[in-house]
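Just the one chain here, the form predicted alone, laid out as structure tokens.
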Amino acid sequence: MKPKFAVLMTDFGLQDPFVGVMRGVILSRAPNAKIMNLTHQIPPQDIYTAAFYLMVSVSYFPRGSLFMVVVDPGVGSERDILWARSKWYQFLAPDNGVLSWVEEGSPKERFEEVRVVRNDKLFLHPVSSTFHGRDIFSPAAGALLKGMSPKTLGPVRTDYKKVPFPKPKKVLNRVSGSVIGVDRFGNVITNLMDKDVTPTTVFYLKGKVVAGLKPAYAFVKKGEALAFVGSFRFVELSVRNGSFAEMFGVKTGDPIEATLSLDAS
């Protein structure tokens, strides 16, 4: 299956030339390639935020997209680079767990084939120990977009790294979860989904108590905290016109507790 589009996701930001150089390498190998950006603002080396945003975003892209994920704190080490294929999409990513939650997002995205990228004839040389996005990921992506068979990349792989999705735990009317992301507005994204809570649920995070779910920011006063179900169906805690994460010192991995109404237990 020849991919139709490349979708780039990195922690490089846009101030430096790294993203532009990767796009240039892809187009050098596949001049007619169509390239889209998912995001380049993943917090540096944050595999978990990258895994989350990939999980909730994949299904919104055209079938036949090739996702190139370069969030790679192990660059230059012995870690491998993987190519994976689900029913409708392809992926290039480091073997560090960043692909783990794609299958969690939808049964349709279960990987049907995974290979390790080993064919160094595809790479740019010399290969930098700090910029595999340019020297390995991009030329491999360009070759795939031009129609190269994935078999050319390298051998099939079955024992790649997986990071379990942190599922909430419910005991009676109490639900324990965790923070799985913080967006640029300081909204705190939890692993609690709409199905895990009720409109009257009370949330406890870093000493802050937030009671009930609101439909949107406009339902509270400026500077007031609120909880709501975000666009990806996960519960978020926010401050209207402010940053919940900054105000209460919240970071990815922090625990959150929720108490449901008794009739929901």
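Rigid core: the largest C-alpha set superposing within 1.5 Å between the two forms. Here the structure is a predicted model, which means the values were calculated and not measured. Position 1 is the first residue in the sequence shown; the rest follow in order.
Form predicted together with another copy of the chain: not shown, discussed below.
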Among the candidate residues E104, E113, D80, D183, which is the single one with a non-hydrogen atom no more than 4.5 Å from another copy of the chain in the predicted bound form? D183
Pick from P44, P199, G207, G223: which residue has any heavy atom within 4.5 angstroms of another copy of the chain in the predicted bound form? P44
Against another copy of the chain in the predicted bound form, would G253 count as a contact residue? Criterion: heavy atoms within 4.5 Å. no
Quick one: does Y48 come within 4.5 Å of another copy of the chain in the predicted bound form, counting heavy atoms only? no
In the predicted bound form, does G64 come within 4.5 Å of another copy of the chain, counting heavy atoms only? no
Indicate whether another copy of the chain has at least one heavy atom within 4.5 Å of a heavy atom of S128 in the predicted bound form. yes
Have a look at 130 to 138, 115 to 123, 166 to 174, 150 to 158 and name the one stretch with heavy atoms inside 4.5 Å of another copy of the chain in the predicted bound form. 130 to 138
Going through 5 to 26 from first to last, which residues have a non-hydrogen atom within 4.5 Å of another copy of the chain in the predicted bound form? F5, D11, F12, G13, L14, Q15, D16, P17, F18, G20, V21, R23, G24, V25
Would Y160 count as moving between the shown form and the other one, using a Cα shift of 2 angstroms or more after superposing the core as the test? no
Aligning on the rigid core, do we see the C-alpha of K221 shift 2 angstroms or more between the shown form and the other one? yes
H125: CA shift of at least 2 Å between the shown form and the other one after core fit? no
